[in-house]
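The chain below stands alone, shown as structure tokens; this is the form predicted on its own.
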């Protein structure tokens, strides 16, 4: 299978995040996911009274939780519309448009903690992912915390359409089947640009009506990537916030690591 072209992936994903639907949807969100509640509590000492960089803020879902206890808070998103929406929603906090692949506006070791939630790192390509991880390491002080989530290449339903494999019967599955059928034009357009490797993949999944190309990575490969970028003490967590080595039931996993 040919390698996903980064320009195709960037164009598709940025267009989805810049679209009117996304700019309306994300600012309505303010809840934390179960694992985030657990991890934000477990790492409270790295968040309260600290300099926190929150990347991929979307509409500010995490801003209301991370900004108040922080000594310094900066929120970033590469979608101009979402960055503007979050800045309007939280006028007292520093929210900027920026791409994780270029954090040159920040000096080395500027932050105590970097958070990249809701799998935002998964919407850039394989080579750019390594660049992004190195940039996040650079802006962290030695010993600083990285907390991120990422789609799971080991997920048992990886790359299956809703009616494939052994789906659970019921209305939720029926709705997913209808959504996939309705988005068949997007699937035809983007599936030729997929890349599938044993430990990572870039595939057209159900995000934003199958309008995006999403990166999935196995837990072992993800830990290797983090270590290669200069992180240590890498830990992996499931959707409930429990420590795991790998989990084929989870569509995404959470990772914490320290800047070595």
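Numbering follows the first chain given and starts at 1. A quick note: this is a predicted structure, and the numbers were derived from the prediction, not measured.
Just so it is clear, the following notes concern the form predicted together with a small molecule, a form of the same protein that is not shown.
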Residue contact check: residue 154 to the small molecule in the predicted complex, 4.5 Å heavy atom: no
Residue contact check: residue 98 to the small molecule in the predicted complex, 4.5 Å heavy atom: yes
Contact of residue 29 with the small molecule in the predicted complex (heavy atom, 4.5 Å): yes
Partner contact for residue 61 in the predicted complex: the small molecule, 4.5 angstroms, heavy atom: yes
Contact check for 17, 77 and 118 against the small molecule in the predicted complex, heavy atom at 4.5 Å: yes
In the predicted complex, the one of 146, 133, 82, 190 near the small molecule [non-hydrogen atom within 4.5 angstroms]: 82
Segment assignment from 52-60, 37-45, 193-201, 226-234: heavy atom within 4.5 Å of the small molecule in the predicted complex: 52-60
